[in-house]
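Have a look below at one chain only, the form predicted alone, in C-alpha cells format.
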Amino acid sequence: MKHFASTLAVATLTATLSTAAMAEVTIKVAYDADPVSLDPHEQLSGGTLQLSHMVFDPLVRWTKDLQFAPRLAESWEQIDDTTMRFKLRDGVTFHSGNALTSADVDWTFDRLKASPDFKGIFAPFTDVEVVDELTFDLKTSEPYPLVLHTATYIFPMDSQFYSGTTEDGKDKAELVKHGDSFASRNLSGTGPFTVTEREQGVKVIFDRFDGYWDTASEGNVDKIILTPIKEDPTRVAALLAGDVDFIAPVPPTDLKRVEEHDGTTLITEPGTRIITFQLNQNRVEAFKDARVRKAIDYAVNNAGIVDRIMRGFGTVGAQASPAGYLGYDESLTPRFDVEKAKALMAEAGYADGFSVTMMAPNNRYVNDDKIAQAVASMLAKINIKVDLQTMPKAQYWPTFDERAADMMMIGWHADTEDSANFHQFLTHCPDEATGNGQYNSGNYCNPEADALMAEANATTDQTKRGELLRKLEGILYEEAAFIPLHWQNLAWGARDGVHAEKIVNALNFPYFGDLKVD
C-alpha cells in the first residue's frame, strides 16, 4: 500500500507537469531574415510592419478580403470633410502596465510625422486632437480618401515608457536610422507578444502578453521562437524535418515539395509587391536619357525571369499598380525586344555601352540575388557591363539609403492598398522635408507626375481618382522611370496542426496573435 501510494503520488505529479507542459504552446518560425530594429518608426519595411503586428497593435487593420477591422480603435465616424473621430477601446494596457489613452496616439502621431520613412504617408494629416482619454480626432488639411488606409500604420506607442532620458542622457524617444537608440532595443506595445530575448541575426523570442486585450482571439500560442534562415534550401529542409513549424517564404523551386510532403501544408496568395530596379540619374549621366532607360527596360526579359527563376510563381509586370488597384492600366504591357533596346542605345549615343554598379539584397525578396544576376546578364547584350554586389538585407538597406550603387533593387507593396503609394515612395521627386521619394534611389523627378498624385490624393470621387492615377502610371511607363520586373506571389509553409491559413494575408503580415495550433 505504501509503495502504491508513493507511485500514485509520482504519477499524479507527472500528470500535472505534463498537463502544464501541454498547456504551453510554442512554435518555431523561420523567416529569411529577422527584424533589424525594435523601433516601429525606424524603417518602412515589411519586416518592421510584421514586428509591429506582433508587439504593437494598429488602430485598424486589414482583413483577408481587404476590408477594415477595428483593433485599438473600436469605432470611428467622419465629423466633417477633414476630421475623422476615433474611439479607443477601454481597458487596454501596454506591456509596461500603463493604460492606453488618446495621449499615446497623439504622441505616436507626432513621432510618425518626424520619421524620415513615415512622414510622407502622413503629409496630408495636420494633427491629432485629443477629445478625452479615449476619444481623438485625426485631422487632414483637405478632404482625403485614404484616412482609414493610413490609420493601419498607426501603432500607438507607450508615451510614458518612451519619455525621459536613458542613463547616458539620451532621449528615449530618439529615432535613429540604422543606429543604436533606446527605442531600437526596448519596446512597450499593446500587442499579443513581448520580446523577451533578441540576438540580431540569430533569434528573437516572443512571449505571450498576459494582459493582452483581445480575449476573443482564437490565438493560443504562448511562445514564438523566430530564427532567421537566409538560405532557401536550409529553411525548407528545417520545415520538412520538423525542426520548425512555420516558414516564409517558400521558394518557387520547393512549392511542390512542401505541398506534397506528409505533415506539411503549403499556403499561397496572389502577390501585389512589385519587384523593380531603379536607375540613379545622379550617378550615371546616361540614365538621364529616357531612351537609355527604355533600352534597359526592353533588354530585360521579365517573362523569362518569372518562368525560369520564379518557376511561374509571379506575375509579369510593366507598371507599379497590380490588377485591382485604381491606377492599373491594362494597356501598359511589358517591353522585351533586344534589337529595339540596341537601337535605342545607339540613338542615344551609347552603342558601345558603359559600365555600372548594381546592388541587390540576397535575403529580402524571393530569389532576389538570382534575379539580379539574370538582369546583369541581360544588360550585357546591349553592352552595359554590370558590377553586381549582393548582401543580406541588414547590410543592404543602409547602402540603399546611401544610394551606393548605380542600379538598386527594391520591391514595394502599397500597404495602403492604393496606387498613389507606389509613386509617393518610389518615383516622386525626392523631398526630404515631406518624405516623398524616400525610396527613390533613381532620383527620377517629374513635377507633372507629382501633381497628378497630389490631385488624386485630394479627390474623393473614385472614378475621377482612377483616371488620375492611370494617367500617372502612363507617364512613368512612357519615361521608363524605373524597371518593373514582376509582382511577387506569396507562399508560406506550415506543419499540419498550425492553422496559418487563417492568419496570412496579401499584405504578408501574418497575424500571429490569432494563430491557433492543435
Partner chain sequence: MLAYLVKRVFQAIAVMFAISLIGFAIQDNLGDPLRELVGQSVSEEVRQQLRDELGLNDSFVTQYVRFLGNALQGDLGTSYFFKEPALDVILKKLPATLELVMGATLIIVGLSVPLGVYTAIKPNTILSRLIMGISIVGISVPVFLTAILMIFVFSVELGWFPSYGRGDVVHVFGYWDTNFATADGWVHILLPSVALASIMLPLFVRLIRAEMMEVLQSEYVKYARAKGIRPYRIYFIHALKNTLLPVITVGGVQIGTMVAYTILTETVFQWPGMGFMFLEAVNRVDTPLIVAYLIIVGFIFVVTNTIVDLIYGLVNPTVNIARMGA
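Treat the numbers as computed from the prediction; the structure is a model and nothing was measured. Residue numbers count along the first chain shown, from 1.
The same protein also has a form predicted together with its partner chain, omitted here; what follows describes it.
Q: Is it true that G201, E231 and F425 each have at least one non-hydrogen atom within 4.5 Å of its partner chain in the predicted bound form?
A: Yes.
Q: Tell me, which of Q43, N489, S52, N457 has a heavy atom within 4.5 angstroms of its partner chain in the predicted bound form?
A: Among Q43, N489, S52, N457, a heavy atom within 4.5 Å of its partner chain in the predicted bound form occurs only for Q43.
Q: Note which of D90, E339, D243, E197 lies within 4.5 Å of its partner chain in the predicted bound form, where distance is taken over heavy atoms; exactly one does.
A: Residue within 4.5 Å of the partner: D243.
Q: Should E473 be counted as a contact of its partner chain in the predicted bound form, where contact means heavy atoms within 4.5 Å?
A: Although its partner chain is absent here, E473 would stay clear of it in the predicted bound form, with no heavy atoms inside 4.5 Å.
Q: Please check if W397 has a heavy atom lying within 4.5 Å of any heavy atom of its partner chain in the predicted bound form.
A: It does: once its partner chain is placed as it appears in the predicted bound form, W397 has a heavy atom within 4.5 Å of it.
Q: In the predicted bound form, is there a heavy atom of its partner chain that lies within 4.5 Å of any heavy atom of D214, even though the partner is absent here?
A: D214: no, not in contact with its partner chain in the predicted bound form.
Q: Does D57 reach its partner chain in the predicted bound form, with heavy atoms at most 4.5 Å apart?
A: The answer is no: D57 has no heavy atom within 4.5 Å of its partner chain.
Q: Given a 4.5 Å cut-off on heavy atoms, tell me which of 281-289, 214-222, 129-137, 110-118 is the interface stretch with its partner chain in the predicted bound form.
A: One stretch meets the cut-off, namely 110-118.
Q: So which residues in 337-371, when you check its partner chain in the predicted bound form, have a heavy atom no farther than 4.5 Å from it?
A: Going through 337-371 in order - heavy atoms within 4.5 Å of its partner chain in the predicted bound form - there is one hit, N363.
Q: Knowing the shift is 3 Å or more, I'd like to know if the C-alpha atoms of Y325 and D65 are closer or farther apart in the predicted bound form than in the shown chain.
A: Here the pair is farther apart than in the predicted bound form; there, closer.
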